[in-house]
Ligand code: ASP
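Just one chain follows, in the form predicted on its own, and it is written as C-alpha cells.
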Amino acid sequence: MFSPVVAKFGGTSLAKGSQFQKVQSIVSLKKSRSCIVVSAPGKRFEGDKKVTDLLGEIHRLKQSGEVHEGLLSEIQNRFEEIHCHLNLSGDFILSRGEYLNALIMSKSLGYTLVDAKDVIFFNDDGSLDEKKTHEAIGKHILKEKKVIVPGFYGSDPRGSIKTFARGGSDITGALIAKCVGAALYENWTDVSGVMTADPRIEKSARTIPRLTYKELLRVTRQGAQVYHPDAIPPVESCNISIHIKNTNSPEEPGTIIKGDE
C-alpha cells in the first residue's frame, strides 16, 4: 500500500530561485513525497524582509491611505527573480505569498495546485472546522496524487480567506499528514533539526537526534522557532513521526520526533 510523505518547506527554503532548485532536488529524491506544503518567501540574507511582512506593511499603509507602490514593486521583484531563475513561462498576478509560491512550485515540479482555501476551513470563532477540513482534504488530496498546497491560510464560513497565526504553514502540513494517513511528516527549514542552542549565536550547538512529541512541545514553548507547537497534536494523535531537516544540508540526519518509546 502506498504511504505518502507530506513535506513542508519553510520561507527560507523558498526565499529565492536557487532555493527552489534545492527543493526540486529534494522532492525528486523520494517518490513518496506526494504532498508538498509551501510557505511564502522568507529572508534571503540578514536584514532582508519576509514577503509576508511586506504584505502586512502594505495592508497597514492601505488602511491609513498612504502610498505603497514601492513595496508592491519590491514584492513583485522577489517573485520575478524566482520565476526567471526557474525559466518558467506565464504571468503572475500579485497576490498572497504562500499562494504565489505554491503556484510557482506546482509549475516547476509538475504537481497539481490545491488551494488551501478549498481544504482548510475555520469556524466563525476562528477555530478549525475539523470535520469539514478532514472531508475536504480526503476529497482533494488523494494518497497517490502529487499536489502542492500553500500553507498558512484557509477559508471562513463565508468563503473569505482566514489565516493561522504566524508559522501556520506547519499546521497546514500537519493537518494534511493526519488526514491522508501519511507515513511521515517532513518539516524542512534552515537548521539541521532541533538544536541544543541557537547555532547563529552558539557555534558549538549540536543537533538533537531524537525527541518525543512532549519534548518538542516543551522546546517550542521555551522559545525555539523550529516548529509551531499547534502543529504537534494533529500528527501525535495518529503517531505520525515528524522529521525536521535542513534544506541547505539535506544529507544531514536532522531530528526525528515520535511518541514515547
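We number the residues from 1 along the sequence you see. Everything numeric in this text was worked out from a predicted model, so none of it was measured.
Below: the form predicted in complex with the named molecule, not depicted.
Asks: At 4.5 Å between heavy atoms, only one of the stretches 189 to 197, 206 to 214, 232 to 240, 44 to 52 reaches the named molecule in the predicted complex; which one is it?
Replies: Careful reading of the contacts points to 44 to 52.
Asks: Since only the chain is shown here, I'm wondering whether F152 would be in contact with the named molecule in the predicted complex (any heavy atom pair within 4.5 Å).
Replies: Yes.
Asks: Can you work out whether R166 and the named molecule are in contact in the predicted complex, taking contact to mean some heavy atom pair no more than 4.5 Å apart?
Replies: Yes - in the predicted complex, heavy atoms of R166 and the named molecule come within 4.5 Å of each other.
Asks: Taking heavy atoms only, is A40 within 4.5 angstroms of the named molecule in the predicted complex?
Replies: Close contact exists here: in the predicted complex, A40 approaches the named molecule to within 4.5 Å, heavy atoms only.
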